[in-house]
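So this first bit is one chain, no partners, the form predicted alone, shown in structure tokens.
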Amino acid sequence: MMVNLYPLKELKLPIVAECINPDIFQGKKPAEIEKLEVWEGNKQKKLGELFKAEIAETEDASENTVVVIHGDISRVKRIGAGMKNGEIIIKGDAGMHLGEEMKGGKIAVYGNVLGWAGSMMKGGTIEIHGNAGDYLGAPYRGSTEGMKGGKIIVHGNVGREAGAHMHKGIVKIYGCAGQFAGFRMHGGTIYVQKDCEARTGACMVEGTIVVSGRIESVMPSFTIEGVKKKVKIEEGEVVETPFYLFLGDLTENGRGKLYVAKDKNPHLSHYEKYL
């Protein structure tokens, strides 16, 4: 079953629409989908007041529901929150809290995404073909329950605190990452293919961060352990170039691993005298 959603107007007010979810759309007719409740600003409305729903027949015999959203929905929050199955395809930009606490299924965005994408997710896959905002995969401020599973792939750049409080799962960023990537990380893997701003891995306890580009600096609470010829990101993906391996954060008695590409970071060569 494939459900197409088309915005009926330019969306200017913040919209909270956790009902846009394959689990909730499953088995419903367009009229039933359009009756689902959302918030536009401080007013409760029906989804059909903001979107037109159409069901397209597919040759796929599986029972999974695919939701395709056409257009800019950067004002729409909590799409796919808690979803367990199915797929969401967004052909445009998406709003905050996309896939929050997601447990399964897949979300693909052909545009940019605002903050807290994949916040506290436990399973499934989010693939963003543009840029992502701050707090990718991170929990709300004050919470320590970060990402516990699943995979987030970003083909562009991400903001601050990507993977903060992460326990399990993998975050792959093929662009650059902002400050505090992997802040208070407890497990899992973060891979940044390009450059990384300062304070990467601050207060991390366990887990792995790999930076293939230039890193602004390595925190003084990390100690150099050695040089590795290559690093495995996940099954089927290995980066073959020399990496400095740092351990930390020692202020937290941390055993986290921070791999930094040697060739891209000549300003770190002074660490070699400690090996």
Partner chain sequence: MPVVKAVTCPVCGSLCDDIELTIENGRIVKVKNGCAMCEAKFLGYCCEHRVLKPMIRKDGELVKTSLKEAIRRAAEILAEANYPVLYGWSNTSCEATSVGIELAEEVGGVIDNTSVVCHGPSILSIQDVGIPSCTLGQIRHRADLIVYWGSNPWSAHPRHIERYTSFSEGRFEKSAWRGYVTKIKALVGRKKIQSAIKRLVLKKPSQISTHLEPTFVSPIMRKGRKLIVIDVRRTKTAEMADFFVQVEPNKDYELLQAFRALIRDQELAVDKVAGVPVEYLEDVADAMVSCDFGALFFGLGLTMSGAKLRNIDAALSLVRDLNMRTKFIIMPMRGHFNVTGANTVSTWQTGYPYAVDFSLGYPRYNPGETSVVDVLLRKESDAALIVASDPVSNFPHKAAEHLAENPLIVIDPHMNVTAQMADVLIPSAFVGIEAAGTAYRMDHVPIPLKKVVNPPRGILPDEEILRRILAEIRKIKKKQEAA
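Only a predicted model underlies this, so the values are computations on that prediction, with no experimental measurement involved. Residue numbers count along the first chain shown, from 1.
One more form of this protein exists, namely the form predicted together with its partner chain; it is left out here, but the text below deals with it.
Put simply, Ile170 is far from its partner chain in the model of the complex: not one heavy atom of it is within 4.5 Å. Mapping the unseen interface onto this chain, Ala261 falls outside it, with no heavy atom inside 4.5 Å of its partner chain in the model of the complex.
None of the heavy atoms of Asp23 is located within 4.5 Å of its partner chain in the model of the complex. Although the partner is absent here, Ser221 is a contact residue: one of its heavy atoms lies within 4.5 angstroms of its partner chain in the model of the complex.
Comparing 229-237, 50-58, 213-221, 24-32 against its partner chain in the model of the complex, the single stretch with non-hydrogen atoms within 4.5 angstroms of it is 213-221. Residues Arg160, Glu161 are the members of 145-173 with a non-hydrogen atom no more than 4.5 angstroms from its partner chain in the model of the complex.
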